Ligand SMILES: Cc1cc2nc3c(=O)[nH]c(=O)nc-3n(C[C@H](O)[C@H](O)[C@H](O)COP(=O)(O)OP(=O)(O)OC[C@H]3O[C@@H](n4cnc5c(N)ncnc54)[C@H](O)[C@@H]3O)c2cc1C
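Below you'll find only one chain, the form predicted alone, shown as structure tokens.
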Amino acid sequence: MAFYTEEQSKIISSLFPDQAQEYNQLLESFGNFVEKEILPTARTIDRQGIFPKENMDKIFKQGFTNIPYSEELEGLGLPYPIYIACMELVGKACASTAISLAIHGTVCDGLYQFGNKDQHEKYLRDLITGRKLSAFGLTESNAGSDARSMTTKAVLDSSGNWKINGSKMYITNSAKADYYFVFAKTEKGFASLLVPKEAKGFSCGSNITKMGLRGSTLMGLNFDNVLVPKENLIGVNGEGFEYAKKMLFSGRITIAALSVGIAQAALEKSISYAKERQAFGKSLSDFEITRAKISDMMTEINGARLLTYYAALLKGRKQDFGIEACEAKLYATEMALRVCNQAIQLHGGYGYTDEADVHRHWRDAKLMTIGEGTSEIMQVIISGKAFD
């Protein structure tokens, strides 16, 4: 079974019939690279909690993050669904690597959408090429789903610089990022500010131990009279909350793709195990109940993949995609949990052990139902379309 799946190839061919051969060859090549260079370290990264910098550097060199950006910014100028297909492949290989890349990609997208030309040249070029790493600073201890309750504040001081005070919580890529895309309250509402890691008064807390995605860092951020230049304001003062919402819509597509990749990995391990495992004198794959479970897993994965690539297509075409992103995120993340749970069940007692390396996928998938907006928040947003 090729790492870049036939199901992915069919979708890409349908979306881009005139470029089908070119895009599928590119994605097949990237899949081969990920299988060879990223997959082998995933288990060790999880067990030892190693930040996957080496993996990320390798992927950056492949032009991963710069896929959807213009050549003027050293991008490849390829359609957004190609980036999402690559994200699925990275998620399939190593979710810890993929989540760090996904958050970095969200910041790149926000800076591209709301930053000015000077900020593109000064910051975005280095970010999309992977020369610098970023983090997304929105969540606080008392402001998760209710982001408007954030208490971190930013004011313009007498010298015209921004002074930031407050804290953030559960920030991926903390202590590893070069720039932090931070949201804070101002006299006009909310602002988004790019904070460099070397800013005086800025610090990260200790790494938070997690159930899954153990290779990615997760820490709090502390701002003690942190000064950043006034030109580090991204977009318009007062529009920060709207920027955060739009960035999260994009991020939800990447989380959905990542979740599909996790589920695909669990499915493929289950198929291989079912072929090898003997029970009651025959292969586990010969039992009807096994085939029924595998059938359900395949169908759910393909359904989630279609929702995800459709949302990516809308975004790439600059059409409204917010609801579709939420639908993809809700279904793909909950699907990944179900598929990974079935994978453990199909492996029996072996699936509960570290040796099988199957429960890692369930542990990784669980965060996907929480990060970038919980499943419950997705339901609120989606249902709003029906009742508003």
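A residue's number is simply how far along the shown sequence it sits, counting from 1. Just so it is clear, the structure is predicted and the values come from calculations on it, not from any experiment.
Below: the form predicted together with the ligand, not depicted.
With the ligand left out of view, the stretch that reaches within 4.5 Å of it through heavy atoms in the model of the complex is, among 132 to 140, 191 to 199, 110 to 118, 255 to 263, 132 to 140.
Note on the partner interface in the model of the complex: the residue among 166, 144, 79, 220 having a heavy atom within 4.5 angstroms of the ligand is 144. Though the ligand is absent from this view, in the model of the complex it lies within 4.5 Å of a heavy atom of just one residue from 226, 234, 171, 86, which is 171. For the chain shown alone, residue 15 is not a contact residue for the ligand in the model of the complex, no non-hydrogen atom being within 4.5 angstroms. Shown alone here, residue 374 lies within 4.5 Å of the ligand in the model of the complex, counting heavy atoms only.
In the model of the complex, the ligand lies farther than 4.5 Å from every heavy atom of residue 184. In the model of the complex, at least one heavy atom of residue 103 sits within 4.5 Å of the ligand.
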